[in-house]
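Two forms, one chain: they're shown below as structure tokens, one block per form, named structure 1 and structure 2.
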Structure 1
Amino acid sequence: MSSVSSKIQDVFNEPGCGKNQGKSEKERKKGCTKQLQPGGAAGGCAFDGAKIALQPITDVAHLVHGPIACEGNSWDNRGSKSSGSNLWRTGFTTDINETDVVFGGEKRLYKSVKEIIEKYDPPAVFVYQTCVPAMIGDDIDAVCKAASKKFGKPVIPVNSPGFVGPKNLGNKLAGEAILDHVIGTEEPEYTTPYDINIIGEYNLSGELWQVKPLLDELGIRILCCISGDAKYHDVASSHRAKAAMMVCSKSMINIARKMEERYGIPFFEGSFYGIEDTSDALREISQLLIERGAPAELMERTEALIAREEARAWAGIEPYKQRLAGKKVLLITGGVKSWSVVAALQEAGLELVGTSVKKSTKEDKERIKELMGEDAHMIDDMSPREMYKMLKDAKADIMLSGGRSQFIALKAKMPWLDINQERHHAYMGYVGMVELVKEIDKALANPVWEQVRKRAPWEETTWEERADAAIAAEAAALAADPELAKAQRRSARICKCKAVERGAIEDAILEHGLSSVEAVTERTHAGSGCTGCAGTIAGILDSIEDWRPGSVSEPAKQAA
């Protein structure tokens, strides 16, 4: 385990991470993993993260060393696509039993690797460590080393047992595993001045293929995509790329940075979601390649392609403009990718509600990201009635969000479109944006909504009418009773991660004269989890005159 913990420390020190650089020495040591809140955690574990990150490498056997839960409950659950081998979708696990737990599972692991190589002959076997064998002390590094020597094939240990942290950490530990054991171990057949790596893209729903034709036309070769639709050989020889793009997500930043450090491959952070973002990303790729020695005419061709494809995308969106004009979209998502679709939605005539942002300047984008991150957390435990109220207050026609809120939106009988990981449609590049607008149109135009909102024949009122009545009754009760209103306000759970109610925050502010979000966090722990509620805490601080006991405006606000 010592090697795992030192790796984790190493990952925490990531200098490429902007967030990390802003932290104090002490905070940095604590790392970017917050301690998970028992009873309040919902995400995946480090093993899950590691598997997600590497599983899209298509021709490799991914062997999970652990009890059946780790692989048996989760295999073949990802929407990555492969243009070649489907071995990645074959579930391999040692399925350790009681005897293994007592006597150790190393022998079984070694035999499993042997069987896989005999039966499937993959270019490499990735062995994933899980909690139970980590606890009993199975040394997968040693087993992998021995197996690799014996069978003459790379057998790669991925040391990321679930309990070391959340999914995000697992992504990074997976990156470390391929940095240590895979990248730079083979050579490409040939190289060109147009070779790039794309890092942190998993080819979900085949999205990479929405962008690859653009690069193909420019003559830019994806030497390796880590790890969407990658082959082992691509990853092993990816160190010869001239430049890299890190797809807008921090999950594999350590790979990008260390490849820059070790092999001198410059990288930039970009996104292929949204029309402008795609154009920007193409420009940056070309720019980096030119800096690394590609002919300068590449940029001219890039601009020509951007002009042509942007025009094609806007033309694709045009027919929907009239149908979508004035329709209101409520964007709720924690997904880092989705904010970049805003410009395209606005271009299609849709109006965004729930955010006050109108233009897509860089600062605005950050703001949208922040706002949506917060709301995404908020709706996780919303009741359908609350959801309905939110949508109604926002006067939204459709909601775009991640898969988890799907069922709430649907029970509230609200048109809904999935734009996060679990979606079935591909929304990347120029074609992807057109596809997204088309899907929104399809969802909005579906006559099913009209029907499902009708009252049942035996009901006097519709579901919505009852919800409205209940909401009105509640508001009336609060207006009539200031004490109740106060109690209600104070009982709002501001920080879901640490289960801190508004009352505790108000008390701390008054008692200690706090004036900054950091100070409130220090005192109450609110905002020390996912940090999504920082904005809300700032709002409480700003509006102190509205709620401070004895302030002039207090009673009025309580009623509101």
Structure 2
Amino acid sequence: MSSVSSKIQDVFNEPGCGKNQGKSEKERKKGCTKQLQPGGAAGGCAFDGAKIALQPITDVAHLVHGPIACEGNSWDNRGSKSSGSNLWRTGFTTDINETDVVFGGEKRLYKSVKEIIEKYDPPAVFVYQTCVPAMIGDDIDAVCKAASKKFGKPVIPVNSPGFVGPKNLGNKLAGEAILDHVIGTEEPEYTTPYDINIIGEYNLSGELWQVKPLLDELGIRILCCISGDAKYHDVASSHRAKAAMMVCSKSMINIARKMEERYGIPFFEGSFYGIEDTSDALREISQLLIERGAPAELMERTEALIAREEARAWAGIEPYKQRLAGKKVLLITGGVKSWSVVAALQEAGLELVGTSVKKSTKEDKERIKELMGEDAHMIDDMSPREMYKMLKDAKADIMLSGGRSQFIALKAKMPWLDINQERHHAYMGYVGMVELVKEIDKALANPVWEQVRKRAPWEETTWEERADAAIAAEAAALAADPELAKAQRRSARICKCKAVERGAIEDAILEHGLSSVEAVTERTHAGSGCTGCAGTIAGILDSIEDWRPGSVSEPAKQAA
């Protein structure tokens, strides 16, 4: 595990990481040596993240070294598409048992690799480490090296056992695996001045195919998409690209930065969600290629294509704009979609009442403020009950989210549209924007909502009315008892990583005269883990006059 530990430390200290940039210089020097907390991988473990990041490489055999449940957990749960091989859809696992736990599972792993190569003859085998074999000490690096030498095929170890951290860490560890063992190991058949890489795009629902025709028309070749609809040879020879576009910096910033560092491939972060963002991305790609030697006339052709496609997209949206004007949307997603989808929805005339930023970088949040204003309602994290209350209070007309949040919207009797990886519709590019508007309109106009919102004949009060009454009663009780309200406010868990409550932060601010997030972090350790609570700490500092004991507004704010 020593090599895994050093690799994790390297990933945590990634200079391009938004959370790392958000730390003070003192905290950055310490690195990310925090101990993991129980439940830290509840949203997906490191193994799950690694498998998600690499499985869209379509012609590779993906072998999970562990119990069969690990493979079953992540197999086929994303809507990535392939234009060629379907080998990636086959679930391979060593299915270790109790005997392997006692005597080790390395022989079983070697035999599994041998069987896969003999039966399927893939260009490479990716071997994923999981919790159990990692804890019993199976050395998958040594097994992969021996198997590669014996069978003459690349056998790539992906060291990402679930217990080392959450899904996002697994994304980056997957990136480190292909940086160390795949990228730069082969050469492309030929190169052109128009070769690019697209990094952090997974071709969900075939979205990449809505953008590729635009690039093809401009003569721009996607040398490799990491990893949507990719082939092993594409990834291995991707170091010869002239430029790169980073779609999701949250998951693969380390790949983009290290390829720029090692191979001189400049990159930018952009989005193909929304009309204007798609146009900006095409311009940025063309500009980078021109700077790397492509003819200057490429920009003229790009502008001509943009003008044509924008006109088509606006014409496609026009029939829906009148019906959607003023409709309110609550967006519960994260990462690049927290700002890129905001821009797309605003173009359709929709009003955003809030967007989640739990998985967003500092740069993502800045973009949200640019789009929605400084008073943008950004949601770090909230319980299902809080989300339900916000839906009711915000009077949103529709919620866009992933599958895990849909039931809250359905309980609130609100239209819901899937915007995450399980979706069945492609929303990328000009064509995708029209499709997104069309699906939102269909969801809002569905006659089922009128029916489900009616009171059942046998009900005197609906469960929503009873829930609203309970929430109102709780608020009234807090308003009537300032001490109870104060106790509840102070008991709120602000930093989950370090288990720091708001009361401890308030006391430290008052006792030591703290005025910055960094000072609070140094004194209480809140925000020294994932830094996700930094914004909340900043809010506590900004609102000090609302809760400082003895302040004029303090009694009136107790229930807030």
Partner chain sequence: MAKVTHTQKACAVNPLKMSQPIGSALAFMGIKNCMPLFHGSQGCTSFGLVLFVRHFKEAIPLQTTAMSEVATVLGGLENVEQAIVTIANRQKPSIIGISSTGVTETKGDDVDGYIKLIREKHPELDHIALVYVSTPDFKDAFQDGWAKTVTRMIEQLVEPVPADAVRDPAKVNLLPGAHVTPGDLDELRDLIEAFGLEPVILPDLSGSLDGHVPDDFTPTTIGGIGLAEIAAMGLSQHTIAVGEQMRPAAEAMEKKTGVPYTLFDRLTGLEVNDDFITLLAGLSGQPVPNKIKRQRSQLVDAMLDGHFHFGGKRIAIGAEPDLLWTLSGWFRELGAELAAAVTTTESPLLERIATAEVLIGDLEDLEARAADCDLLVTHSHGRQAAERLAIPFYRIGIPMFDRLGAAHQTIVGYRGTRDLIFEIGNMFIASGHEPNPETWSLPEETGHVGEKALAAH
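Remember, predicted model here, so these are calculated numbers, not experimental data. When a residue number appears, read it as a position in the sequence of structure 1, where counting begins at 1. What we label the rigid core is the largest C-alpha set whose atoms superpose within 1.5 Å from one form to the other.
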Shown alone, the chain in the form predicted on its own appears as structure 2
Is the C-alpha displacement of Ala53 equal to or greater than 2 Å between the two structures once the rigid core has been superposed?
-> no
After the core is matched up, is the C-alpha of Tyr263 off by 2 Å or more between the two structures?
-> no
Look at Gln451 and decide if its Cα position differs by 2 Å or more between the two structures after superposing on the rigid core.
-> yes
Once the two forms are fitted on their rigid core, how many angstrom does the CA of His512 move between the two structures?
-> 8.1
